[in-house]
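One chain comes next, on its own, written as structure tokens: the form predicted alone.
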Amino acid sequence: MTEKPAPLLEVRDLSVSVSRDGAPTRILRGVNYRIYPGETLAIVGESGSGKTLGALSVVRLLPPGAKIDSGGVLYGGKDLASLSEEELREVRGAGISMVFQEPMTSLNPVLTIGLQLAEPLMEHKGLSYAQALPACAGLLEKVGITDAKNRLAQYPHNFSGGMRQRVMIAMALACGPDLVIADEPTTALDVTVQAQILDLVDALKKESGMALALITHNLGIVAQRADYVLVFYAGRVFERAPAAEFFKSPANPYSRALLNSLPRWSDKPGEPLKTIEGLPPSFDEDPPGCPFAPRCPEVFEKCRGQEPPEFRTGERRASKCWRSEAGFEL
């Protein structure tokens, strides 16, 4: 029997709060998951569910006023949640990189593409700007940008949205990271460019052996490209499962509601799209019971009075739902 590899990254019971007018508001609550070398992890859920903050918390790129309250992020034998800022800078970009949301605004408009691409190489590899430029040209070529040497002297406004996203991917890959976190990397791009970007990421992932954490609303992309799925709701992980099993038999009512909201070829013309009734709770609210209970079609009395723990429902599978209680609590 082949021995299972050690996790590349392990998030343990991570909780994060944001201070508002001096009062802390809990945003993430008890987040747990692992990602293994070479794996593609998809993080899904409605807008405002905590997906992006969960990713930013891994390398502590938190917004002003936010802080980690408890839990840990284990990477390379270290807990990133407890490292100093100087120690974290050695990890960011070198071991763990990010492709940020919105390619139109993620690049600095007053710096050349060459200077922005060279920065991680100068920071982590100790290269001078002149020494880094050939490697920068190679990175642009690797992500499919032609005339790379001349492009290095240009500015972001000289690039289309798809090309800017390619530049962002090149920056993320510059130092050969173990893990790339991509936050909605195809947002605001047309469908043909989306496919090109995702094919590029897949090819580079296979070439380098890196792991990928992909934050997305597009469940079609998840079905085609993910190995493992996390479903976020109200700052909690409601379900964790291998992708194939998640789409075949989702364990959580919220997961089923998300999948049921997808358009299907069998839908009749003019038939209304299925939606999830109601709205997610505000993070300022902290009612008793399951946060999905007011919207859940499978709710029963226990759901309204007591928040469920996370129950294991199979190999690398867990669901935060009282209907999963036949499993056992993690």
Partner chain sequence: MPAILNVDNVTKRYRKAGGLFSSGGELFTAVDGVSLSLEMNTTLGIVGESGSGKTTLAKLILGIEKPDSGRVVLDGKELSSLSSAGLRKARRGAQMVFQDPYSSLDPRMKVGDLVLEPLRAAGEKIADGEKTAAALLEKVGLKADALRRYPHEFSGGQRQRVAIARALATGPRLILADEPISSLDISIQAQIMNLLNELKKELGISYIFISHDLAAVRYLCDFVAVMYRGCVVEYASAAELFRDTRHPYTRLLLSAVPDPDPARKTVLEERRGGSGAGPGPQACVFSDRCPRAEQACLGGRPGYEEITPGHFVRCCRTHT
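Positions refer to the first chain, counted from 1. Not measured: the values here are computed from a predicted model.
Heads up, the form predicted together with its partner chain isn't pictured, but that's what we're talking about next.
- Shown alone here, residue 115 lies farther than 4.5 Å from its partner chain in the predicted complex, counting heavy atoms only.
- Its partner chain in the predicted complex comes within 4.5 Å of a heavy atom belonging to residue 275.
- In the predicted complex, its partner chain sits within 4.5 Å of a heavy atom belonging to residue 269.
- Its partner chain in the predicted complex comes within 4.5 Å of a heavy atom belonging to residue 263.
- Though its partner chain is absent from this view, in the predicted complex it lies within 4.5 Å of a heavy atom of just one residue from 147, 87, 207, 199, which is 199.
- When you look in the predicted complex, the only residue of 104, 122, 83, 223 with a non-hydrogen atom within 4.5 Å of its partner chain is 223.
- Contact with its partner chain in the predicted complex holds for none of 32, 43 and 70, as no heavy atom of theirs lies within 4.5 Å.
- You can rule out all but one of 170 to 178, 223 to 231, 127 to 135, 73 to 81: in the predicted complex, only 223 to 231 has residues with a heavy atom within 4.5 Å of its partner chain.
- For the stretch 147 to 182, the set of residues having any non-hydrogen atom within 4.5 angstroms of its partner chain in the predicted complex is empty.
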